[in-house]
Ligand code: NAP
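Presented below, as structure tokens, is a lone chain in the form predicted on its own.
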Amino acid sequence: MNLDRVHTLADLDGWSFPGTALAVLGHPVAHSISPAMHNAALAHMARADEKYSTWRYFKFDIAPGDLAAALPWFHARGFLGLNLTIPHKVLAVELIEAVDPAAAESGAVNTLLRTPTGYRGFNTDGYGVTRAIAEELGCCVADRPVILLGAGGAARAAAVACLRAGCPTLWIGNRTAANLERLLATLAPVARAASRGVHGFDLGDPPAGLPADAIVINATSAGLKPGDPPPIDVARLPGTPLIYDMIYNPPETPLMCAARARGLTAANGLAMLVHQGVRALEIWSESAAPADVMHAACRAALGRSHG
């Protein structure tokens, strides 16, 4: 069985996998290395508990317009867990049976757990990004102001995590004003509870008043495709910011290249992928997940994809 194959909604019609199935849903999703990461973890876990020898993780390209029809199909076919990536994290909130309170704060889910009557949604992205920033950039989001680029599902989780962790102030840039306003409205109760300031700005025209020495988190898709420009001009970032790009494939993004050309520290999203994946696998399995095995599998998969 080719576990790296990209499946589609049509494949569910005759789906007959005999074990416990997990999957990532996205559009596009061919670039995802989540199957390599999770299947390596499951093989490792099977050494201690043979039940995991029948668990497998797949990837499905599901267009956003098909998500409402797809989720009941995955439930009917017995998929225990699903990960959601671009562009499904916000869309899914209204399509599932229940949402974990922590995920409800962000209005986005990236991890679904099957229950007898539907899926329950969680969000592990916030945990993943804060852990990754601490590891890769050597600082806590409570130590510096945060400039967050984007207003999609991953940005929503990151925003809540940063506010809950105590970042001094949070600036969110996005090119679509309506999406930004919706996110700011969603975050207002969290910001009040955390006593933190949240400011929005037009990502196409960053203001002069951005905070110096910030942690800059790219949660946009700019950098996924060859030729994409950086989501922000790093020359507009005052002081000595630290750059964290959630994109992990390609491993060196235009934003990271621009940052390093200016002498700034930058890291990609591989560690975030691992840590959010660890938390997701623990939700599905109710067992400890091997982070080191998952990280090694990701590095190997990226090495293969980039020759």
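These numbers were taken from a predicted model, which means no experiment stands behind them. From 1 onward, residues are counted along the sequence shown.
The same protein has a further form, the form predicted together with this ligand, not shown here; the description that follows concerns it.
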(Q) For the three residues I133, P241 and A267, which mark the spot I'm curious about, does each lie within 4.5 Å of this ligand in the predicted complex through at least one heavy atom? (A) no
(Q) To verify the annotation, which of these, R120, R175, H75, H199, has a non-hydrogen atom within 4.5 Å of this ligand in the predicted complex? (A) R175
Q: Let me know the one among L237, A219, C167, L187 whose heavy atoms come within 4.5 Å of this ligand in the predicted complex, would you?
A: A219
Q: Report whether the minimum heavy atom distance between P206 and this ligand in the predicted complex is within 4.5 Å.
A: no
Q. Hey, in the predicted complex, does M272 get a heavy atom within 4.5 angstroms of this ligand?
A. yes
Q) So, in the predicted complex, is P211 in contact with this ligand at a 4.5 angstroms heavy atom limit? A) no
Q.
I'd like to know whether G153 contacts this ligand in the predicted complex, with contact meaning heavy atoms within 4.5 angstroms.
A. yes
Q. Out of the stretches listed (43-51, 278-286, 246-254, 57-65), which one is close to this ligand in the predicted complex, meaning heavy atoms within 4.5 Å?
A. 246-254
**Q.** Within 88-126, the residues that have a heavy atom no more than 4.5 Å from this ligand in the predicted complex
**A.** K89, D125
